[in-house]
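What follows is a single chain, given as structure tokens, in the form predicted alone.
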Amino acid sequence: MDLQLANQVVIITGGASGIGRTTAEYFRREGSRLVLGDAQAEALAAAVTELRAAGAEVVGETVDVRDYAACQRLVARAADTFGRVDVLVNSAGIGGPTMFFAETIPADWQDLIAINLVGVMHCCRAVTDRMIAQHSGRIINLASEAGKGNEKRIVVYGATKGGVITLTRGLAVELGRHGITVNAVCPGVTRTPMTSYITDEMEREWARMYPLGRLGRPEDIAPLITFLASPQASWITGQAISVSGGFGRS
């Protein structure tokens, strides 16, 4: 299916690994021009090299989304290189400690909040003026099923993802009149470098909570992100869409 994304300029944070890296591959197949942002310089360079070898127009920018000025530089790099910014995918995120909230201290929360929520806000704000000026754009934020219902031992993580969902809905209302859609994708537990602690035995046990009988893979999430960036999704905005193997319904 041709999603009509050829030559679209797509920024992907967290683009060096996991869901972000797989999403970059899906956009490459559509002929999009890519700007990958990531805090891991070596992994970012490797991803850019791999994508170029596969024929992509792609540049990389080392960025810590906790730093608003760095997010502004990422957007400026995209505009300077390709002339515009059509799509922002906010995939950068961390998992944090799996502890009961009552066992944590505020220092345990700071990076979770700064990366998972404030980092998304930074990138959205960095891109909105350009999208408003061109009267078009797509913003896709990576949230989580935990942002809808939350779970024990990941309460703060779930709170940050819940914040991403409400941010998404509010921005959709504000930006719709400018031709910009804003949506969130909410994966269930997905095996990525962020969840490298998950063993095959753990997956077999946890999979009982999933009607489809397994945990997610980045290839399960990236197609929806790519679709939401396309003209075919032009009347979808303000949504928090689950991609979770039916979690909680088994």
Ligand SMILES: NC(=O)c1ccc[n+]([C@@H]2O[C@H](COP(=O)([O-])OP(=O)(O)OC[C@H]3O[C@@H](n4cnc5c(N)ncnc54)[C@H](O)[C@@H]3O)[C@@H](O)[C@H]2O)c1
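Since this is a predicted model, take the numbers as computed values, not measurements. Each residue number is its position in the shown sequence, starting from 1.
Keep in mind that the form predicted together with the ligand is missing from the display, and what follows is about it.
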Going by heavy atom distances of 4.5 angstroms or less, which of Leu142, Ala78, Val127, Ile139 would be at the interface with the ligand in the predicted complex? Leu142
Contact assignment for the ligand in the predicted complex, among Arg29, Arg66, Arg52, Arg214, heavy atom within 4.5 Å: Arg66
Heavy atoms within 4.5 Å of the ligand in the predicted complex: does Ile94 have any? yes
Contact of Gly60 with the ligand in the predicted complex (heavy atom, 4.5 Å): no
Taking 4.5 angstroms as the cut-off for heavy atoms, does Thr237 touch the ligand in the predicted complex? no
Residue contact check: Pro193 to the ligand in the predicted complex, 4.5 Å heavy atom: yes
Hey, of 102-110, 154-162, 78-86, 175-183, which bit sits against the ligand in the predicted complex at 4.5 Å between non-hydrogen atoms? 154-162
Contacts with the ligand in the predicted complex, stretch 14-32 (heavy atom within 4.5 Å): Gly14, Ala16, Ser17, Gly18, Ile19, Gly20
